[in-house]
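Encoded as structure tokens, the following chain is the form predicted on its own, with no partner shown.
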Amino acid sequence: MAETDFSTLVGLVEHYSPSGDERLAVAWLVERMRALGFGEAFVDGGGNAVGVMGSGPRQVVLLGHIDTVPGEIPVRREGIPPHEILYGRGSVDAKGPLACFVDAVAQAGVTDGWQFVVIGAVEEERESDGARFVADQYRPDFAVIGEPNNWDRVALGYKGSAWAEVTLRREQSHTASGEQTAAEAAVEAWLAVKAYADTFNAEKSRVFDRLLPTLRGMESGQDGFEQWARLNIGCRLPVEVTPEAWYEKLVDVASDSHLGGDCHITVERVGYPVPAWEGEKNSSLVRAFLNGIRQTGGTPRFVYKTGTADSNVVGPVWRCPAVVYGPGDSSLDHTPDEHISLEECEKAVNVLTRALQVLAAK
């Protein structure tokens, strides 16, 4: 394998690009892909950076994201090769994986019968607008989604997510009446949601298969006629529970917690819910990655994540063999100490290049 010079990674990280402000980083990446020999490189209608290598009838889409969470970190390299570390916002989540996609496709080059498409998607850290745009633009034979999971691991599952505001209202009563307040009713509703999740999870050994509800906010108030309390509830969903099923259950559980009471309960959906995604383990794509990891000196491992990724958006649409792959320690995502090992990035480029070559040889 050719030695990686890390110019793609460093250049991407140097172009700070929090969600909503990716334009300069996108333009830079398009120019970088042109310089690396991509046959086409452009900004698509969703604002994503797209590079295309080859024109064969079979297609692999490598979908990374170019946006980051806010909070600029001074870009710097520390250590002595081969143990250098790159610091900077997005180095792990997820410009490291995206840069590896670009460099690996450049190394693989034009391959007879195949087209490799690299996408640097925008807005992944908010509502995945970039991925939602490309979901209807491509129908790949295989897909690779870029997220940090360490160079020798392949992710085959990401939990779904659904957010809601649960509001409870009741008529105003005197403070000396002893009647339940709207705020107390809201606490009861949350405890009922937690109890339901605990029952659902009782026989589930994997966290990936459990409901993981969280109370992310609570507020209450009153005027002269009415009290109200509002809960902001999020839930990480397993494959067997769709967002629609979760919202229906949330209404039932919150309502059942007040049978006989006089609270009026409403559940309002917030943002874009996404279903959980689980990839096929026995596919030629997975086998190609296992080969690439072994050829690079690693012992392959699988992982199922409790967060969400763009795989949750495109997976149900594309319905093709897919994996999530990328270098980096995901525990550093969104932290002020975000950094990545350049040695690990080089190994990831080698894994990806090898995997594309093995896949294309089938």
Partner chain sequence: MITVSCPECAAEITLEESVEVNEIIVCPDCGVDLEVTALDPAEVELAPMEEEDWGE
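Note that this is a predicted model, so its numbers are computed, not measured. Residue numbers count along the first chain shown, from 1.
Note that the form predicted together with its partner chain isn't included here; everything after this is about it.
Novice: Each of R132, D141 and Y272 near its partner chain in the predicted bound form, meaning some heavy atom within 4.5 Å?
Specialist: Not a single listed residue reaches its partner chain in the predicted bound form, so no.
Novice: With the partner left out here, check for me: in the predicted bound form, does some heavy atom of T199 sit within 4.5 Å of its partner chain?
Specialist: The answer is no: T199 has no heavy atom within 4.5 Å of its partner chain.
Novice: I'd like to check something about F101: if you look in the predicted bound form, is any of its heavy atoms closer than or equal to 4.5 Å to a heavy atom of its partner chain?
Specialist: Looking in the predicted bound form, residue contacts with its partner chain do not include F101, since no heavy atom lies within 4.5 Å.
Novice: Taking the shortest heavy atom distance, is Y304 within 4.5 Å of its partner chain in the predicted bound form?
Specialist: Although its partner chain is absent here, Y304 would touch it in the predicted bound form, with heavy atoms inside 4.5 Å.
Novice: Please check if L215 has a heavy atom lying within 4.5 Å of any heavy atom of its partner chain in the predicted bound form.
Specialist: Answer no; every heavy atom of L215 is more than 4.5 Å from its partner chain in the predicted bound form.
Novice: The chain here is shown without its partner chain. Which stretch in 111-119, 132-140, 83-91, 280-288 comes within 4.5 angstroms of it in the predicted bound form, by heavy atom distance?
Specialist: Heavy atoms within 4.5 Å of its partner chain in the predicted bound form occur in 280-288.
Novice: Let me know the one among G56, G37, P300, P316 whose heavy atoms come within 4.5 Å of its partner chain in the predicted bound form, would you?
Specialist: When its partner chain is considered in the predicted bound form, the option within 4.5 Å is P300.
Novice: Under the 4.5 Å heavy atom criterion, name the residues of 304-339 that approach its partner chain in the predicted bound form, in sequence order.
Specialist: Sequence-ordered list: Y304, K305, T306, G307, T308, S330, S331, D333, H334.
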